[in-house]
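We begin with a single chain expressed as structure tokens, specifically the form predicted alone.
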């Protein structure tokens, strides 16, 4: 009998408890089971929950957080954080709508919005990665600067889409073949592309290495500062795309758009299993985290649970997720 077969026979079949432990070592599987359980519970608790209209609405709203969450997930895996994405998502609507109103061109408006997002990412990345300022401090400052600039420019009033362009409306509200919303399609495409990047391209491996141990990554020949700088730019650009979708859904540039959005996204990233210490996590887990929080908020709302208790419930879930992740790491 070959040695491999004899070893396999000696080991024998795994007991159910061993299979269960192996299953829950995969964070994504545990999140997927939690999402299914959540959907089943609210489906039984509310007749209006599991309807095509409600599910489509939830997925459309979740798409915005998912697009931004991909960028935040990439950045947190690299060992950094960005809490300015909510302000940025609101701010990109201004050049988008203003340029579009002036020129009649949606394409130029989108270019202006993405240029603003790129500039913010470059500034944040330069200050954090190359100057060495703590990324939480840098992006916290950016959050207030951007939000304050939005208030000053708009006078705290919405800037409407004067041209009422159908193409602008369709970006955030249209559906492909009348079924899948365009924001959901954008989220799926970006998620697939970045999952491939993180798993199969050298830059993805560099992100995990830099986030896991920057000094070891440097000794291995990786340009740590450059990797982190690019991660900041990616994060801001994806927040900009999310802001464009949000502006389209609102039909204008609203000065309070994206308010608190950063905490929703960071919460989903943490719930999705991405370690705030860097180097651990997956973008598929981030997507599941976004869906869990989105369906949770929607389901609690349908049960007429007060907003205050919704916030308490969400907070407890995040704390439990972080505690569970810490226990898993200690058990290894």
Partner chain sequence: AAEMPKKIGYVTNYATHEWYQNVIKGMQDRAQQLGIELEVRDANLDVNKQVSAAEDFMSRGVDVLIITPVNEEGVVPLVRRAKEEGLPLVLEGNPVKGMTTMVAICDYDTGYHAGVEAGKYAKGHLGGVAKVMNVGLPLLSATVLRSNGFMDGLKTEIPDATMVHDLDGGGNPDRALEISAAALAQNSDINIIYGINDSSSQGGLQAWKASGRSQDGLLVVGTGGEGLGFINMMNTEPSYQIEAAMFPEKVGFTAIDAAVKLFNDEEVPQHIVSPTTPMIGSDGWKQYYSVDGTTRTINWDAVNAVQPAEQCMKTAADL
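Predicted model, so just to flag it, every value in this text is computed and none were measured. Basically, rigid core = biggest C-alpha set you can superpose within 1.5 Å across the two forms. Residue numbers count along the first chain shown, from 1.
Heads up, the form predicted in complex with the partner chain isn't pictured, but that's what we're talking about next.
J.: Is there a non-hydrogen atom of residue 34 within 4.5 angstroms of a non-hydrogen atom of the partner chain in the model of the complex?
T.: Residue 34 lies outside the contact set for the partner chain.
J.: Answer yes if any heavy atom of residue 254 is within 4.5 Å of a heavy atom of the partner chain in the model of the complex; otherwise answer no.
T.: Residue 254: yes, in contact with the partner chain in the model of the complex.
J.: Find out whether any non-hydrogen atom of residue 166 is located within 4.5 angstroms of the partner chain in the model of the complex, and reply yes or no.
T.: Residue-level check for residue 166: yes, a contact with the partner chain.
J.: Does any part of residue 105 reach within 4.5 Å of the partner chain in the model of the complex? Heavy atoms only, please.
T.: Judged by the heavy-atom cut-off of 4.5 Å, residue 105 is well away from the partner chain in the model of the complex.
J.: Between the partner chain and 116, 192 and 234, in the model of the complex, does every residue show a non-hydrogen atom at 4.5 Å or closer?
T.: Spot residues vs the partner chain: no contact at all.
J.: Only one of these stretches, 91-99, 167-175, 184-192, 105-113, has heavy atoms within 4.5 Å of the partner chain in the model of the complex; which one is it?
T.: One stretch meets the cut-off, namely 167-175.
J.: What residues in 226-242 sit within 4.5 Å of the partner chain in the model of the complex, counting heavy atoms only?
T.: None of them.
J.: So, superposing on the core, is the move of residue 276 at the CA at least 2 angstroms between this form and the one not shown?
T.: No: residue 276 shifts by under 2 Å between this form and the one not shown.
J.: Tell me whether residue 46 is among the residues that move between this form and the one not shown (Cα shift of 2 angstroms or more, core superposed).
T.: Yes; residue 46 is a residue whose C-alpha shifts (by 2 Å or more) between this form and the one not shown when the cores are overlaid.
J.: After the core is overlaid between this form and the one not shown, has the C-alpha of residue 33 moved by 2 angstroms or more?
T.: No, because once the rigid core is superposed, the C-alpha of residue 33 moves less than 2 Å between this form and the one not shown.
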